[in-house]
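In the form predicted on its own, a lone chain appears below as structure tokens.
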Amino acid sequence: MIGLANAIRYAALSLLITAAYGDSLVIKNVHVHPVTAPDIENGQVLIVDGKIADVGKKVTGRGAKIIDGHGLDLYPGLINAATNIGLEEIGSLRDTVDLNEIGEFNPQLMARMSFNPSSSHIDVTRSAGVTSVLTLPGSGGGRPGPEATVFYGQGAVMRLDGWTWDDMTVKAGAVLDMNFPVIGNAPPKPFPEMEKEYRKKLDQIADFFENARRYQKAKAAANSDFKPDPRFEAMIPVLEGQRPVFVRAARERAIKEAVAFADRQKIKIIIAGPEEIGDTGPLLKARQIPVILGDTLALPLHDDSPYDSRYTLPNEFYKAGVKICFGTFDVQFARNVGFQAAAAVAFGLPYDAAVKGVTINAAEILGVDSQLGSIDKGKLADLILTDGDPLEAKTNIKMEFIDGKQVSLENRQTQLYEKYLNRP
């Protein structure tokens, strides 16, 4: 009877283990690149309930599905830290573009609520190994003007798989997208007039922050009759340091002005889309302000700048001790974010820094490093299985996982390829 009882208990335990691991997955015999730790040759990764449960030479996952990736490499999914994916389909058709809302101060607008889960750009970008993006409500890089919108709204970190925008949200309100004003550099207005407009715009922004602080104090002391204001509600996380301001600033002067403004307002900022560094490196390092870089292979900002000034810019920020990551600031080329990082390697940026620039650094800068950016226990299983370096154009993505689920690599381009390949 004792033997029978033990057998029953053992059978029950086996059923529990099988149930626990029934929907799980083990990827084995792969070269694991955790990014935050040394590589693991012939490593294994256990995925349970969409998260990484174990990483090492050997993991235990009884009853789990096995994927033998012999000879392949396993990397964390790439992150594009500045896009308009899900908010723009065809730029020339206004009905398919949900960017740049009317009004100067729109901090309450949320990009994720306009995100289109059926966008064809999602499949194309995902097939290049990009599993997450920061989608922004404002378009363009770091070249605003004094007449432009100041606050576009809240950018969100979105995963590139799901049925609804709610399914795909990793972090809502990750940043407040800001167009920092600059003095124009073209006629017909004389410089004193443009500078006056610029100073006026800065005063308007300062007044808006002051009004937001008054609202914050009034809300804290309010009774039940208090009427919320959506614009100022959206500013409270900014004032409390919980939501960084994504400051589009291309020029050296704009970067310095933005840092000075952040110091006055006591807010956290991210410099986005810089096209020159000047002597801002030590300033950014001292204040631990990160940078999201745009195109690497681009023309210099000034006519008399060295031809490769944009090519070497990532390495210049890196050498200055500034944390960097990469974004494309667009939709149609969002898939190329890894190649932007790779191009920077050819002009001095260390390879490891380039990989971190599209993985863990991007996750840290956007505040999602507890979930994304590396192959570590407890993080979401957003992974790519490749036949080589994901920063190399010749590398193929063999399999891709988002939240531990294998996702399709099919897209409009592969469909057209198959269609015309099999043409009679």
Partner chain sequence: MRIAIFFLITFAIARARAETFLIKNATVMTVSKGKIENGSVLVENGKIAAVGHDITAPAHGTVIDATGMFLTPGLIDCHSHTAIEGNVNEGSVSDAAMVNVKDVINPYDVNIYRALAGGLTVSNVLHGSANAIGGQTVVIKLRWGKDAEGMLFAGAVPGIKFALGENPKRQGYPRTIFSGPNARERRYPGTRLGVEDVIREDFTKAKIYQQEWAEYNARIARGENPIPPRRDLQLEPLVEVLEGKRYLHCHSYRSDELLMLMKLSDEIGFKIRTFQHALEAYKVAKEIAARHIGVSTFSDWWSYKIEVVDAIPYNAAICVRKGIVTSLNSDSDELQRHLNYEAAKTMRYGGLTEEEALSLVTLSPAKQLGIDKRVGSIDVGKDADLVLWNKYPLSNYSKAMQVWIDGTKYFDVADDLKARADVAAKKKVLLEKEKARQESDKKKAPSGPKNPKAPGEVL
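Predicted model, so just to flag it, every value in this text is computed and none were measured. Numbering follows the first chain given and starts at 1.
Although not depicted, the form predicted in complex with its partner chain is the subject of the following passage.
You can rule out all but one of 210-218, 261-269, 294-302, 169-177: in the predicted bound form, only 294-302 has residues with a heavy atom within 4.5 Å of its partner chain. Contact check for 93, 394 and 414: all three have a heavy atom within 4.5 Å of its partner chain in the predicted bound form. Looking at residue 159, you'd find every heavy atom of it more than 4.5 angstroms from its partner chain in the predicted bound form. Its partner chain is not drawn, but in the predicted bound form it has no heavy atom within 4.5 Å of residue 203.
Contact between residue 114 and its partner chain in the predicted bound form is not found at the 4.5 Å heavy atom cutoff. Residue contact with its partner chain in the predicted bound form: residue 318 places no heavy atom within 4.5 Å of it. Proximity to its partner chain in the predicted bound form, defined as a heavy atom within 4.5 Å, holds among 109, 322, 345, 250 only for 345.
Along 70-84, not one residue places a heavy atom within 4.5 Å of its partner chain in the predicted bound form.
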